[in-house]
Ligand SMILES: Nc1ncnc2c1ncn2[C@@H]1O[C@H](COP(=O)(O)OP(=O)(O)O)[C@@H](O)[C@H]1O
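Before any questions on binding or motion, here is one chain by itself as structure tokens, the form predicted on its own.
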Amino acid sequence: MNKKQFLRLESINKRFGGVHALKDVSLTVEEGTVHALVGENGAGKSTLGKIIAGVYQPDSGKIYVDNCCVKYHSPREALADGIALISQEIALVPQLTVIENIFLGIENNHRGLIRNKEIRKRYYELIERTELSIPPDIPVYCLRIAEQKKVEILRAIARNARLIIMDEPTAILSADEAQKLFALIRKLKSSGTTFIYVSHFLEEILSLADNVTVMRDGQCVKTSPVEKESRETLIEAMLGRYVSLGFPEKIYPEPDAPVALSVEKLSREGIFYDISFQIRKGEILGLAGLVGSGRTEIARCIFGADPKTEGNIKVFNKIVNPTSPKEAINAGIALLPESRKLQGLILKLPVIYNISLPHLRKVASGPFIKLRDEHNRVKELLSTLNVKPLDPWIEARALSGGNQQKVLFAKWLFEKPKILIADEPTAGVDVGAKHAIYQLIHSLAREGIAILLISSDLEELIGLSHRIITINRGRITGEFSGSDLAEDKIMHAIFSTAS
């Protein structure tokens, strides 16, 4: 039985300066279905979602909702038709609480006075309905990125949206949180809610979507029922070529390779306790745990971004105990943070400044920057990492997610570190960029850099790491190597409590 058509796009075009972001895109989305969009970073998926939601306006083409031609000039107008967008970028008011953000603009009020009891009742009904529990009175700026994403999902559902556009909703959710989200999507779909679902996790697409559209270079190259597709066929359509899905072959460091990083009984009161491990020169150590287990906080402490309560951090057997990122950088420690947009890049600055900022002393002569040296070094890094476009002066915010992540790597390769901490290095990047990052991490380890790899993707951790330690509630619960690098064993340790 054919479903009713909810949304139809006809020959949508959109340019940003000289970039033709969308080229004659035509698409039909049926009511009460999950329609997936896949493609490389920069293929046009996010731009298309923002046009449907009224964030951008098309240069040409037509949009039909319920067979009526519409022209949205703002997200508010789209929301009036029941269309809500949950974008990759967090769009919350940081100073407001969770409950205030969720119901902002749709509060119960009487003669201008907000009825807090009624709002709170609606909040707990929403939590019961979605099972995405989060304390209502915490200011959003106090929340981790994954929890802020849950607030955005709750906000869209609270508005009774008929079409919800989700752009990489699970990129920073734990496996358990992602499964709860999938269950919620299926539940809402059964009651008639329509979804446009953008994700680089192809397994999600294949298990969740009804139909899938592949985009490449701003065009729709393929639309089909999801049961006719596989991971391999989607990747080939996305890239226009076949690409291997495997990980680079592991090259293990010498057993007597020097210890590059030693963490001894590191603690931060209330966050993590008694953390001890070593990473040898050229070794990749994976750190596995649920979101909120203390993974990122350990990384930030080693990098000097957060204070420690006790313990020692050594680099090649020398106690460094950095109290600031500057001290960590001087000791040879670099950190790729979990959020490139909020913690890694200054989005409004050109790529060249983002890359060279921590290393100005290397391109300075007295108080002056040697501009030619700076430009040549950045251009060399961009070329080596295949950043597109190869333009040092483009603003970082104009790049796709995968290219932004490559710029982050370039930032720390300007002057190669001794230890690289990579926190969710492939979050929100496409298949092609993901495998390029895998090769890069592998090659950096071959060059002798010690790497601490943090990822919510267990397959990724197992595929890249020489060893893995697991953490739960701020304590180490296991260590795995060789034949013990098995998903079931690691998952068991992730959910275990340290003895």
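Throughout, we count residues from 1 along the sequence that is shown. On a predicted model such as this, the values are computed, not experimentally measured, just so you know.
Below: the form predicted in complex with the named molecule, not depicted.
Just one of S456, S465, S46, T470 comes within 4.5 Å of the named molecule in the predicted bound form, counting any heavy atom, and that one is S46. Here is the short version: of A398, I153, L290, I185, the single residue with a heavy atom within 4.5 Å of the named molecule in the predicted bound form is A398. Partner contacts here mean any heavy atom within 4.5 Å of the named molecule in the predicted bound form, and among 439-447, 24-32, 58-66, 38-46 they occur only in 38-46. Contact annotation: P389 falls within 4.5 Å of the named molecule in the predicted bound form, judged by heavy atom distances. Contact between A486 and the named molecule in the predicted bound form is not found at the 4.5 Å heavy atom cutoff. The named molecule in the predicted bound form is not approached by M491, whose heavy atoms all lie more than 4.5 angstroms from it. In the predicted bound form, the residues of 13-29 lying within 4.5 Å of the named molecule by at least one heavy atom are, in order, F16, V19, A21. Relative to this form, R216 and P389 approach one another in the predicted bound form, with their C-alpha atoms ending up at least 3 Å closer.
Pairwise change in the predicted bound form: P389 and L27 C-alpha atoms lie closer than in the shown form, at least 3 Å.
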